[in-house]
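One chain is shown next in structure tokens, namely the form predicted alone.
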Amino acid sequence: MPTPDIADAPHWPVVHTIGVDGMLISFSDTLDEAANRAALAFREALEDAGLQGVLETSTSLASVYLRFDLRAADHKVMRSALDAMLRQNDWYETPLPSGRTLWRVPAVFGTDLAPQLDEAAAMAGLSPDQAIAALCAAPLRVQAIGFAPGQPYLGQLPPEWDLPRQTGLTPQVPEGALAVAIRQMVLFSVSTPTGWRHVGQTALPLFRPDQPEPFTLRPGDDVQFVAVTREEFENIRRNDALGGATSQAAN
């Protein structure tokens, strides 16, 4: 576990030392829209700053990780540079990074392809039709990529979707499965067991190792689901390599 460098933490943002060559800048200890936006914006600023010794950066739901070369910068120098950057802006009010993409992704909800829609809808206090409308109502931000290559965590959903994970595991959901829990949706990039409820199914390939950019989605992108019938979905799956997804520059 990381050890806070500030004795009276939490006082956000907090910088943690991770191992011998890593640092973690945390903007909250809970999932929060402003903290996620801050993490995305700070990572972009960190990449643009070109700090000496930084080897890689990545974001989680509310944090930024960086790994650095100890031959180029020691912990004191890197910590001082990070503290200076954190003081430059109110990162919780900083706009999202530039170059984001809005994706519209066809999905079939319910049927035998996504058998837990009715259960999840009932837990949210909605009918299945209301649940589908709610899940497709607005774009959801790619808050982070994780667990499997190219796999997005999407959110946040309205409060009624603060559903707990299942107490047991669904033995397997297929690639492209759309699942819901804790005010988030996950779009699975691989077939896997899960404790999240499987409510929709897409044909969007999320990990394409043969492409120059192997991950289809990036943190900060927006994804809006478009409900289609089972027949429409099967036609898309047979005939469209991108699963019917379309993209444009996000606002």
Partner chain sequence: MRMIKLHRVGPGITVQDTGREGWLSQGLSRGGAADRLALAEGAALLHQPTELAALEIAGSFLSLEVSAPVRIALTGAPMRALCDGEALVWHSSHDLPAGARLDLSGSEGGYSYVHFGGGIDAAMTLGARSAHLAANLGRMLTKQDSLALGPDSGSRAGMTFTPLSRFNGGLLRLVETPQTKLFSPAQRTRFTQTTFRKDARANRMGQRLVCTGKGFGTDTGLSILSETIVPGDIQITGDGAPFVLLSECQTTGGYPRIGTVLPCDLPRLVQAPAHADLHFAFVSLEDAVTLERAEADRRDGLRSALRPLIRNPHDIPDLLAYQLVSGVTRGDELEGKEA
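These numbers were taken from a predicted model, which means no experiment stands behind them. Residue numbers count along the first chain shown, from 1.
Below: the form predicted in complex with the partner chain, not depicted.
Each of 16, 70 and 209 is positioned with at least one heavy atom within 4.5 Å of the partner chain in the predicted bound form. Shown alone, this chain has one stretch from 74-82, 156-164, 133-141, 120-128 that lies within 4.5 Å of the partner chain in the predicted bound form by heavy atoms: 74-82. The partner chain is not shown here, but in the predicted bound form it comes within 4.5 Å of a heavy atom of residue 61. For the chain shown alone, residue 219 is a contact residue for the partner chain in the predicted bound form, at least one non-hydrogen atom being within 4.5 angstroms.
In the predicted bound form, none of the heavy atoms of residue 227 sits within 4.5 Å of a heavy atom of the partner chain. At least one heavy atom of residue 43 is located within 4.5 Å of the partner chain in the predicted bound form.
Contact annotation: of the candidates 205, 53, 195, 214, the single residue with a non-hydrogen atom within 4.5 angstroms of the partner chain in the predicted bound form is 214.
The contact with the partner chain in the predicted bound form, taken as any heavy atom within 4.5 Å, belongs to 150 out of 176, 97, 110, 150.
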